[in-house]
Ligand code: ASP
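One chain comes next, on its own, written as structure tokens: the form predicted on its own.
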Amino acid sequence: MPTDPVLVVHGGAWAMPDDMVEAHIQGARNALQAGWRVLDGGGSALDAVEEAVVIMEDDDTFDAGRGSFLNREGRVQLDALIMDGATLRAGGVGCVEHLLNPVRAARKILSESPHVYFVGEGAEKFAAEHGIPLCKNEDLIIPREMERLRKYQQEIARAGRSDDSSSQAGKELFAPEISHDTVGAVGLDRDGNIAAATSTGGTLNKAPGRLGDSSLIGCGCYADNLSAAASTTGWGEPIMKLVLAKWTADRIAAGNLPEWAAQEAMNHLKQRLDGHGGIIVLNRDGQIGIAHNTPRMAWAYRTVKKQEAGIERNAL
């Protein structure tokens, strides 16, 4: 029996300023529209979440693809993961510097490699060998982010602080006042299969080679038809330590509703490690959960009966 499709997307959870709200809502809507076209045409959840994330990677509003935060050396390094709930196959890339759409490379890994994860030059070589063109790192950099990095590094130098992540300055780097525009999508198709994808440029002024949660299975992204599909955003280190996407899916497998599990995930993140972020969750019954413990989170969802997009929802 065919299943009614569902799609949920997010575009970051942080203390988003008022003048950026509309761009985030519109970006989420554009991603939702692209993914929904796939589902409405009978396509797979895997294809739908890929297409939704590509739209946000191409939109320099978000910290994914072009327009991402710059690392300490002024370069863009990108991470992405996509996962199929029907087969548990996944593909991920980390620390890539020459891909406009890392989620495309992640999808190629899922579909055409016995491996799950490639990083750096190896990921880029795999992508090129499978028909994905490489770009210059400069193609991913925009003036806004050059200025943001310059100001942040000036503040560190003026205060005589270290930028090491164990220092107070390092902790401030992950504060919700500094953008966490990681993007993601979860989808359910007419065949009853679910999928998830997450993509990010990481954090501002991060150390070269730093990986966050977004591209790691069970941390920033997870999908299993027996539980749920989930995509997270926010401060990656605490999310990794809690394997938060899998933690949330396990609670849904145990019989909890996605809405409850999403809220509990944010409570767990805050109470256990004083972490902050957001999550979107979807099960095979088409039930969704959207939650965050930051001031704002960009999100949108669509079912055959309803479409909605916004910034503030379930703020704790």
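The first residue of the sequence shown is number 1, and the count goes up from there. In this text the structure is predicted, and so the values were computed from the model without any measurement.
The protein also exists as the form predicted in complex with aspartic acid (ASP); that form is not presented, and the subsequent description refers to it.
The chain here is shown without aspartic acid (ASP). Which stretch in 135-143, 120-128, 90-98, 232-240 comes within 4.5 angstroms of it in the predicted bound form, by heavy atom distance? Selected range: 232-240.
Heavy atom within 4.5 Å of aspartic acid (ASP) in the predicted bound form - the one residue of 210, 148, 246, 72 that qualifies: Result of the distance check: 210.
Looking at the partner-bound form in the predicted bound form, is residue 203 within 4.5 Å of aspartic acid (ASP) by any heavy atom? Residue 203 belongs to the contact set for aspartic acid (ASP).
How about residue 57 - does it come within 4.5 Å of aspartic acid (ASP) in the predicted bound form, if we only consider non-hydrogen atoms? Flag for residue 57 set to no.
Residues in 36-74 close to aspartic acid (ASP) in the predicted bound form, defined by a heavy atom within 4.5 Å, in order: If the 4.5 Å heavy-atom criterion is applied to aspartic acid (ASP) in the predicted bound form, 36-74 yields only 63.
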